[in-house]
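What follows is one chain in structure tokens, specifically the form predicted alone.
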């Protein structure tokens, strides 16, 4: 991990951009974090739109988390931002758009081609980032995962024992193969669902929640579309992490 920039935000949060090999990322730490009092860490997932485009939403989430005493970090997803494109994923994304514009269902084949390569490539990168982040003296466990492509969160919850709890957003396509992985998830889960999410299969989201193997899991459904998540839903997610990570 190589830090490339550093700035102190007006609320005292330290924002540092870094690279991990070829992968860009950002780390935010609260002013209270130190080697003698390391902060718990939340990994901030996001859709594959690029860190530059997602930055305003990410920094807002990071600052709210810092106010609760959490450090947060994110990395650029494969094929996003300035990273090399993934031709098969780009083709699947174009096929998805054509189907949706034509009012047709998005086929399982398109969903698999769109999501599974992203999961396979990004999860080891998240794990490598976690290795580097937890080596910093001001960062400690336990670790949570929040938001982003839900299939990435599922895979991380299965394969990464250092993640103790997760907030997942049921707002992206889910390959059928991920339902079997969901049955292997055992950590506490807080799942957000927008009831009128355009393009999201509500029944599939409910079926996925049912499939999760966690003994502690809660589903929080709110009226509205994909971008209409109410502020209080974020507050409830913060309370969930406070219960499980502090």
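Numbering follows the first chain given and starts at 1. Here the structure is a predicted model, which is why all the values come from computation and not from measurement.
The same protein also has a form predicted together with another copy of the chain, omitted here; what follows describes it.
- With the partner removed from view, the residue among 198, 60, 180, 216 that has a non-hydrogen atom within 4.5 Å of another copy of the chain in the predicted bound form turns out to be 216.
- By the 4.5 Å heavy atom rule, the three marked residues 209, 239 and 243 all count as contacting another copy of the chain in the predicted bound form.
- From the list 34-42, 217-225, 66-74, 49-57, the contact stretch for another copy of the chain in the predicted bound form under a 4.5 Å heavy atom rule is 217-225.
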